[in-house]
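A lone chain, given as structure tokens: the form predicted alone.
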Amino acid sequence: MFNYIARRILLMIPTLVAISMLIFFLIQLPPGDAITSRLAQLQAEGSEISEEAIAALRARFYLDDPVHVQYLRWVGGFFRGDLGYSVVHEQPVSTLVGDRLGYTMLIAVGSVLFTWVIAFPLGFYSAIRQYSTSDYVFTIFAFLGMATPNFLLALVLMYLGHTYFGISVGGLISPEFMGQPYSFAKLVDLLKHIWIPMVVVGTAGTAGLVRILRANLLDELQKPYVITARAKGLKSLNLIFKYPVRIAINPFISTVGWMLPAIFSGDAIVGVVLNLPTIGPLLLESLMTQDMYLAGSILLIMSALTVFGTLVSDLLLAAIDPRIRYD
């Protein structure tokens, strides 16, 4: 196992190098850059900037350097803890990401917990009560959850909250608490808002895992070792939890690999619709404005978390499922 882990970690290095090159050069492909995007915005507003000021801005952010020089400078900054500087926001990338990381992690972890808490009992009950009324109800729920886009569900909840309950479901903090120090009242207000993005983001994942767990558990329940154990008089629930569930639960463990980048970035479209102070909308904005250092740094961190999360998932699967061996 140690050799396997060491080999995987060593393979991460060329993988991340290749990913960083791909990210940087793809961001460079569209014509223009953050300066030209900002100039277009200012011109649309009727403002003008001199050629000298434009040249000074390009020199300040090294945008006239060759692409490979810009790439090496950007990647080299990661080893010093420098994620670059956002041209649009005029702040270090680390500051922008750090300000939004706490809320992003809170929503993502809450969504994952919501997904697991709801999906496991529904999928388990659907499998052991196959073709019952409850199974059909849960199946319809799962199909609706998988078919409904998250942003559409967010819009529906915003409309219902405003029309029938008179509450604002956008953002995470009410306007009267903006800029105020944290207090018990502000914490309560945060809890009133945060359940909506948790439910919206977690709905599609819950619906998918319900179907996956049901299918996997049904497959295990029909295998000879389960039939033999039942014929010998082993209690049904003890049998199911001891063997079939341990195998059918593998998809839940596999989602750990997806959870790490999701915790960092969140759902960008839902974040825009609900006006959430998370990293997802920041990434989307940086891509639209061609703020390459901000967009590239966020994408590279997400890629690194995905690669590392995949390794964690593989190791957890090996620990839970005795059939998986990496030696």
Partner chain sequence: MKQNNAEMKDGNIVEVEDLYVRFSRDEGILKPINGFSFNIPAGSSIGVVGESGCGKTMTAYSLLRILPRGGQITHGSMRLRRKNGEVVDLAQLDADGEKMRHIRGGDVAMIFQEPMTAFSPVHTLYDQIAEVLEIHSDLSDQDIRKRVVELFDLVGIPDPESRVDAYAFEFSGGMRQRAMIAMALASEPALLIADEPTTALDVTVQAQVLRLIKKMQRKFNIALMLITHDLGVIAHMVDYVYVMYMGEVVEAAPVAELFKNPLHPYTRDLLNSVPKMTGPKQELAHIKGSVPSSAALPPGCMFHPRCTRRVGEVCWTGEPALVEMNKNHYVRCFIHSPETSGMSRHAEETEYDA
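Numbering follows the first chain given and starts at 1. For clarity, every value in this text was computed on a predicted model and none was experimentally measured.
Missing here is the form predicted together with its partner chain; even so, the following discussion is about that form.
In the predicted bound form, residue 320 approaches its partner chain with a heavy atom inside 4.5 Å.
In the predicted bound form, at least one heavy atom of residue 243 sits within 4.5 Å of its partner chain. Its partner chain in the predicted bound form is not approached by residue 117, whose heavy atoms all lie more than 4.5 angstroms from it. Contact between residue 224 and its partner chain in the predicted bound form is found at the 4.5 Å heavy atom cutoff.
Checked against its partner chain in the predicted bound form, the residues 75, 112, 128, 249 give one hit for a heavy atom within 4.5 Å, which is 128. 218 is the sole member of 105, 218, 253, 194 with a non-hydrogen atom within 4.5 Å of its partner chain in the predicted bound form. Shown here without its partner chain, the chain has 227, 228, 230, 231, 232, 233, 234, 235, 236, 242, 243 in 227-244 lying with a heavy atom within 4.5 Å of that partner in the predicted bound form.
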